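The form predicted on its own is given below as one chain in structure tokens.
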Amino acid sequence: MSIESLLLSLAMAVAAGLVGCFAVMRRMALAADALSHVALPGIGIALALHINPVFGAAAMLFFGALLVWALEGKSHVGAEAIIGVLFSVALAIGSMTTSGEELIEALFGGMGVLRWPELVFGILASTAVVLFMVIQRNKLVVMLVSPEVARTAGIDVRRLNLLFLETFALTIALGMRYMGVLLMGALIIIPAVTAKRLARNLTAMLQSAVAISVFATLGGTLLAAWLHRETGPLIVIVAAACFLASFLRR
């Protein structure tokens, strides 16, 4: 793995740790896995047009998050239910637009050759995610505690909810190369759930989630190089090992 690829994977891990904390607190633990499947049709379209699949996945994830936000406001149905519907439809369309090795790589990720457009996109996207989570942290907390209180405080709850969903989607897109459609949700959720068990306050939870996510990414990458296996599954295994180890602490 090149230095650029390693730095990009670590930036992805930091973004996943921060976003995962708020996803867990919003009870969207399963939404990360379901929403990630929305990228499949975008990957298929990008491959057909000979475009980098990462950009096709990102575009479809952005559209999916926007659709979830719009339907949630009009149907009064929870975001997780709408994401479940989109997941089923996207999986069906994606299975028809991708096949063979392309489908396997889309589902589980693959290192490949890192091109400069991917590097620029990854750096800019991870920076945007981290800045959003740091700047909007207090508003997100107030919205989690009580949307009514947030509105009273002058926070545009609906707009903030859209921005969080798009940030959530962007974080998933960051991990498409290394984790794939099926595994990126695990890197968002497992470190955050582990941090929630260990931390006593929100700041500690955010710091712990980032540390666990970075550790799992580094550990999984080193194991993959040693065992000559794909990186994504081993990153998830290391993250799961950290979760199980958290039960050793009372």
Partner chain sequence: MDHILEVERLSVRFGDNLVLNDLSFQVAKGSSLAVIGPNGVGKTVLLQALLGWVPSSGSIRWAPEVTFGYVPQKLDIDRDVPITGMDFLAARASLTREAGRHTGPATANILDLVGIPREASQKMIGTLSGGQFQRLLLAFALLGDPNVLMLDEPTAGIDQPGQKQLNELIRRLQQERGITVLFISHELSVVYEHSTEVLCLGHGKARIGSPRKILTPSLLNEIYGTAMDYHIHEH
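Numbering follows the first chain given and starts at 1. Just so you know, these numbers come straight off a predicted model, no measurement behind them.
Although it is not shown, the form predicted in complex with its partner chain is what the next lines describe.
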Report yes if all three of 190, 237 and 246 come within 4.5 Å of its partner chain in the model of the complex by some heavy atom, otherwise no.
no
Contacting member of 85, 96, 131, 153, with respect to its partner chain in the model of the complex [4.5 Å, heavy atom]
153
Considering non-hydrogen atoms and a 4.5 Å limit, which listed residue (71, 142, 162, 170) is close to its partner chain in the model of the complex?
142
Whether residue 40 contacts its partner chain in the model of the complex should be assessed with a 4.5 Å heavy atom distance threshold; does it?
no
Even though its partner chain is not shown here, does residue 200 get within 4.5 Å of it in the model of the complex, heavy atoms only?
yes
Going by a heavy atom distance of 4.5 Å, is residue 205 a contact of its partner chain in the model of the complex?
yes
Hey, in the model of the complex, does residue 127 get a heavy atom within 4.5 angstroms of its partner chain?
no
Interface stretch in the model of the complex with its partner chain - options 85 to 93, 172 to 180, 119 to 127, 153 to 161, non-hydrogen atom within 4.5 Å
153 to 161
Within 4.5 Å of its partner chain in the model of the complex, which residues of 206 to 237 have a heavy atom? Give them in sequence order, or say none.
none
